[in-house]
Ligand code: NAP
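Here's a solo chain for you in structure tokens, the form predicted alone.
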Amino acid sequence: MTKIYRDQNADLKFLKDKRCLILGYGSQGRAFALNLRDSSIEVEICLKTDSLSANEARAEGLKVITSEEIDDRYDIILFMIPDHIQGEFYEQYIKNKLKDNACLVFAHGYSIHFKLIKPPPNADIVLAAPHGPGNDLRQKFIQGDGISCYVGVEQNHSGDALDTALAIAKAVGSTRVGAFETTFEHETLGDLFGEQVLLCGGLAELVTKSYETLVQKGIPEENAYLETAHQIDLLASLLKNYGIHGMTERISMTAQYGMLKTEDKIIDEAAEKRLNQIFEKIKAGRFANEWQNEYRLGLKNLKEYKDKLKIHPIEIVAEKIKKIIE
């Protein structure tokens, strides 16, 4: 049974009088920084000198330093820069400047699990990974609410690693809802698999292929869009709020019977086999190796893929429908 921590299980005293450095000021970095600050925790932001985010961070009252200014003053360092550059950054700017009992905090276990970062034994390594984007984390915090998160400990040199992770979860508002204890391995593998086969890759491909099939069969492109991509948020909301059975009870009887007739037609044995193959590839580290190679080669394949998505007919129809409906 997964252990779930709430506000009463976390204490901000484990962050008091600690110097916190946040690497990056993207969606999660900004949310963590502002929520920590509003929880009376001292934070600084590390950004490139020419970063466009530097002025934004300063305008929001935060102290900004450059990577060259990092030294051994920091008790807690939060990695909010992209996964694929964390290893290089750690080697160049962090590795030789860690104080004893420093705590490295990650919002995704990727760099630690796949050993892109190999921290020394005299540091705490913890996970504080919200179940949602940074913008939502910040907005919910402002409203007095929160987004649930994962917490985990990979290395506990100080003896207070879990308490530190929980304090961070509380400071950003997550323990208002619930902090689910996990491991770096489970968070990393689950996150990558979920993104690839469902939330991002699988969903995008299924929507696109469904749209293309309808258009090829003579259905007007506007109809095809409205019957596929346009309704995703509605069904996702029903699924999240009421579960699969609850969603089923809230759609038409015809749609319910359609679910019954296609339950093993889309995800058949061959598809299940491919899902298992994808998971094993992730677990073995082959995806991580390919991703790091892609980064070293200048992201050529990724850029080509995104360019192809940008010009797909469904994007044109989407813009047309938005202008009509909005």
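Not measured: the values here are computed from a predicted model. Residue numbers run from 1 along the displayed sequence.
The protein also exists as the form predicted together with this ligand; that form is not presented, and the subsequent description refers to it.
Taking this ligand in the model of the complex, would Lys48, Ser51 and Gly132 all count as contacting it (heavy atom within 4.5 Å)?
Checked in the model of the complex: all three residues contact this ligand.
Using a 4.5 Å heavy atom cut-off, which residue among Gln292, Ser39, Asn301, Ser27 comes into contact with this ligand in the model of the complex?
Only one option qualifies, and that one is Ser27.
Among Met80, Ile77, Val126, Leu166, which has any heavy atom within 4.5 Å of this ligand in the model of the complex?
For this set of options, the contacting one is Met80.
Candidate stretches 252 to 260, 214 to 222, 236 to 244, 103 to 111, one within 4.5 Å of this ligand in the model of the complex by heavy atom
Answer to the contact question: 103 to 111.
My question is simply whether Ala204 lines the interface with this ligand in the model of the complex - judged by any non-hydrogen atom within 4.5 Å.
No.
Find out whether any non-hydrogen atom of Thr228 is located within 4.5 angstroms of this ligand in the model of the complex, and reply yes or no.
No, Thr228 stays farther than 4.5 Å from this ligand in the model of the complex.
Using a 4.5 angstroms cut-off on non-hydrogen atoms, would Gln155 count as touching this ligand in the model of the complex?
Heavy-atom contact with this ligand at 4.5 Å: absent for Gln155.
Is there a heavy atom of Gln86 lying 4.5 Å or less from a heavy atom of this ligand in the model of the complex?
The answer is yes: Gln86 has a heavy atom within 4.5 Å of this ligand.
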